[in-house]
Ligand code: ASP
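As structure tokens, one chain now follows by itself in the form predicted on its own.
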Amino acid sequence: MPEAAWAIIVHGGAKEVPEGKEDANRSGVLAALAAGRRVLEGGGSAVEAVEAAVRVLEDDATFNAGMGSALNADGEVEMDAALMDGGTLDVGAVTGVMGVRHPVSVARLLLREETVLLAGEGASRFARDRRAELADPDELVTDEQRGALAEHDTVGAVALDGRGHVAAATSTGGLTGQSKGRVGDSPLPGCGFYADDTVGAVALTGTGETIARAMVAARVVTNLPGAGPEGAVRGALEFMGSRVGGNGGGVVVTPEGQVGWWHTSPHMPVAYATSREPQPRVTLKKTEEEADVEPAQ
């Protein structure tokens, strides 16, 4: 099969989609896919594409990232995000950042800096100093999130661009009621994400503590050449479940433009497209028949 010139796959989190929220989840990941795809079809980079896709998910209160993020034990919104360039292995990540509209874009601003990860007030100060888009913390809270149960729905995207580079991005509001200062897997390279042009890119979602303990992203990229996209994610998640528990999911893209995903949670909204198979596809869970949709204009 010929290689794809570009490819992108996005997810809306490992979780159980509530009844009546199916369409919102499908339309949300499709909108994110369309944003990232436009970048790639316009000749943009994989880094730009995953940032664009995740920004759309951060603006959609259907998902626990940016707008609509979960509240911690103090009733505050603390957000984590990360972005990795598979060409250079540069990483930009923030954790516990507050008062920003798009945490993934703050991570992007950090991408070319020597520092890999900034936390709490340091991350928020960096965002202000670099003139990132700010937001009143109260603007990020919805009535639905105030009454939400704990969720594990980090959002993410991986992409391959026309130059052969891959990238991965994640963003999350964490868990409802989490301790102030808690850090999950999402901003930790090798745990919640990884990207390397020589093997591919992965973005994880799920039980952050067990994903971190099992270094799931590292296991995926290590096994990717032999197991393929779906097999690598499935194997890493099964190892995690048997060794330390928890559930989750992940999306993968290879340097050849293959995409794949797997999840052990009840649902994981996913949308993807490639230059080889340009018709967008969307699904709420791996066992559901994937639906064709018309390309976004």
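When you see a residue number, it is the position in the sequence shown, counting from 1. Just so we're clear, the structure is a prediction, and the values are computed from it rather than from any experiment.
This next part talks about the form predicted together with aspartic acid, which is not shown.
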Out of 129-137, 89-97, 167-175, 107-115, where are the residues with a heavy atom within 4.5 Å of aspartic acid in the predicted complex?
-> 167-175
Does aspartic acid come within 4.5 Å of any heavy atom of residue 182 in the predicted complex?
-> yes
Closest heavy atom of residue 207 to aspartic acid in the predicted complex, within 4.5 Å or not?
-> yes
